[in-house]
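In structure tokens, the next block holds one chain alone, the form predicted on its own.
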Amino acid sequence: MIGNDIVDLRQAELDSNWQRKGYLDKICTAPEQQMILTALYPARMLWLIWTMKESACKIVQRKTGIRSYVPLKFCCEVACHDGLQASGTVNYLEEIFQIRTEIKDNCIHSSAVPQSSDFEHLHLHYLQPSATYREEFNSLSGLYLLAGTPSGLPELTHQITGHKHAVSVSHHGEYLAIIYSDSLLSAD
């Protein structure tokens, strides 16, 4: 299983007043709030933590089939952050997810996997969000067919083997990211 989340920083600035009273208390643990409030760029740290939690949450939702999000149950540890990329872990109950994040001028994108070695087999496509993004992805990939399940979850099928591969789609504002794995099947 894999998960990803992307935040368009310009859109987030328009849509969210994260500095309002009580906001951070609802989504961040005390240590996470401390990281945000002491960061050189607090808003970027907030969205880094947000994408880490959301990407891990997508794995949990796929595993359980339950679409719920209780952000305080997802606890982030940022191990490395240099302004352009970050890595760390998200703990959820007794599970630990490995996270890698790419930070660009106007977006933050995080990917989550169960094991660090799973990152070696991930592929990432950034596309423009549109109603035809699946068709665009399918023409770019050649070997895979991206479709949706009846419940709306993305589903990726290898066109030769018929195997269902792990895939995650995220979009926000002007960004859309698709990650998939050559080695992880959707049931892994």
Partner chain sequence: MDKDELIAAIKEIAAPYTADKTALAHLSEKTDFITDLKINSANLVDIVLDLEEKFGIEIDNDAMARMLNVKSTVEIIEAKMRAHDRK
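Remember, predicted model here, so these are calculated numbers, not experimental data. Positions refer to the first chain, counted from 1.
If you look for the form predicted together with the partner chain, you will not find it shown, but the lines that follow are about it.
A single residue from the set 161, 149, 68, 38 has any heavy atom within 4.5 angstroms of the partner chain in the predicted complex; that residue is 68.
With the partner omitted here, the stretch from 153 to 161, 132 to 140, 119 to 127, 22 to 30 that lies within 4.5 Å of the partner chain by heavy atoms in the predicted complex is 22 to 30. In the predicted complex, the partner chain stays beyond 4.5 Å of every heavy atom belonging to residue 144. Proximity of residue 96 to the partner chain in the predicted complex falls outside the 4.5 Å heavy atom cutoff. Although the partner is absent here, residue 174 sits far enough away that none of its heavy atoms falls within 4.5 Å of the partner chain in the predicted complex. Contact check for residue 13: no non-hydrogen atom falls within 4.5 Å of the partner chain in the predicted complex.
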